[in-house]
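Single chain ahead, by itself, as structure tokens, in the form predicted alone.
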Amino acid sequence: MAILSKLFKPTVWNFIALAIMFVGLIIAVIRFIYGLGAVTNLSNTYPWGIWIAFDVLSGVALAAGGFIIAGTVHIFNLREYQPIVKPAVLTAFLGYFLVIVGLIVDLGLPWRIYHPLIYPQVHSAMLEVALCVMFYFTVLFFEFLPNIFERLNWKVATRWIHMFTIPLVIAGIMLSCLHQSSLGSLLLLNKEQLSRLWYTPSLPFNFFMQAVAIGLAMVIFESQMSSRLFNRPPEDKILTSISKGLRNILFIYLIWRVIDLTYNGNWSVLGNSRFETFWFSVEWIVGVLIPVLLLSTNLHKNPTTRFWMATLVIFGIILGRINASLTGMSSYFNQIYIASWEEVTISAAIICAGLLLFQAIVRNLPILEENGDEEESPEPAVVTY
């Protein structure tokens, strides 16, 4: 119990999270012993289920706030956002780590996860996705190292790794931009199967815009949750500014998608499938329209409203990824994919692992110790993604 108390507060919710992780671990063991068919509803029709749609496609997007904050602070030199730098790198690092965990559980032969490096299929979009995950996670690892060095008081190592700040920022931004858009490129292969409510030649750009929106929303969500969990004053000024940026991105994305759907003549399929039309409507009304309207008022200055608006955006983008990879193909196959309880439990276990790891790292490393005074420090700021 003493060890656990050093990692996270012994609350009811944290122990529930541990219980979910334990059940998820048992299911994962069964999956690796008896195969995917033992615990999933995957089939030849739906070889990609909730583990790819949620754990991977959505998980990668949730980590996008990192490269946005990195570029804002270190490339555009907007130092007022410095206090949210370390939490951003932690969120991105954990996000990609859990994406890799989700991939390992989903892969039929997970012990061959390194094969793209040895047997590259140069004409496959999957190769670019695999390489970006590997390389960007490596970059995030090096960006996270200064926190460990600072905790151990390794001043020479900290000073040495700071020398590579800008090159790592640039590499991280490039890899993240490539990766976010290439996930949309994968779905271009589903031209016949995917409903035109989601299929468009601009899917790579759409995925990139979604990543920027959910990345900013995740920064707001994480910052306000951290303030509450660790009894810190909220970064209201910074988060109010970020919420304005989120509003602008959502508005641009909304206008772009309307133009895209109109130009490609895709509005005509609206209503062809009640199931797809319903989830398309929920995605846009809840995840885009309502946040845009509310963020356009002074309500975005209210911490509670701002938090729930960010939550709606996160929900909407995640639903959009699930729609584009699963829901949007239901009418073509005349079959609806429903995840098994085991699949849902493992996804929930991965989320719980992320929440507990975040708490443990924040309680033991100098993640939330930055403030505005650090801008005067002669040391280069720690890079974040």
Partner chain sequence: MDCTRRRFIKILGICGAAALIDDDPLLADPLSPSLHPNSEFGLLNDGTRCIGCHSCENACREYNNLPAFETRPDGEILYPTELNDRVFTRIESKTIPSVDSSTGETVTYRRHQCNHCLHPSCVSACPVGALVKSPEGPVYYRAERCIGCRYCMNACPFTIPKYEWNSNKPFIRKCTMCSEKVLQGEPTSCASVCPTGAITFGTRNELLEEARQRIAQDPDRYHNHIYGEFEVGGTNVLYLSSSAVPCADFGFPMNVGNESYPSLTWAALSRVPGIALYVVVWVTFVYFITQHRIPEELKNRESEKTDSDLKE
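Just so you know, these numbers come straight off a predicted model, no measurement behind them. Numbering follows the first chain given and starts at 1.
Another form, the form predicted together with its partner chain, is not on view; read the next lines as being about it.
- For the options Glu276, Glu235, Asp106, Glu283, the residue carrying a heavy atom within 4.5 angstroms of its partner chain in the predicted bound form is Asp106.
- Only one of Phe221, Phe144, Tyr253, Tyr199 comes within 4.5 Å of its partner chain in the predicted bound form through a heavy atom, and that residue is Tyr199.
- The stretch among 147 to 155, 227 to 235, 211 to 219, 184 to 192 whose residues place heavy atoms within 4.5 Å of its partner chain in the predicted bound form is 184 to 192.
- Interface residue remark: Trp111 is counted as part of the site for its partner chain in the predicted bound form, having a heavy atom within 4.5 Å.
- In the predicted bound form, at least one heavy atom of Leu78 sits within 4.5 Å of its partner chain.
- In the predicted bound form, its partner chain sits within 4.5 Å of a heavy atom belonging to Leu42.
- At a distance threshold of 4.5 angstroms between non-hydrogen atoms, Glu128 is in contact with its partner chain in the predicted bound form.
- Of the residues in 37 to 72, those that come within 4.5 Å of its partner chain in the predicted bound form through at least one heavy atom are, in sequence order, Gly37, Ala38, Leu42, Ser43, Asn44, Pro47, Trp48.
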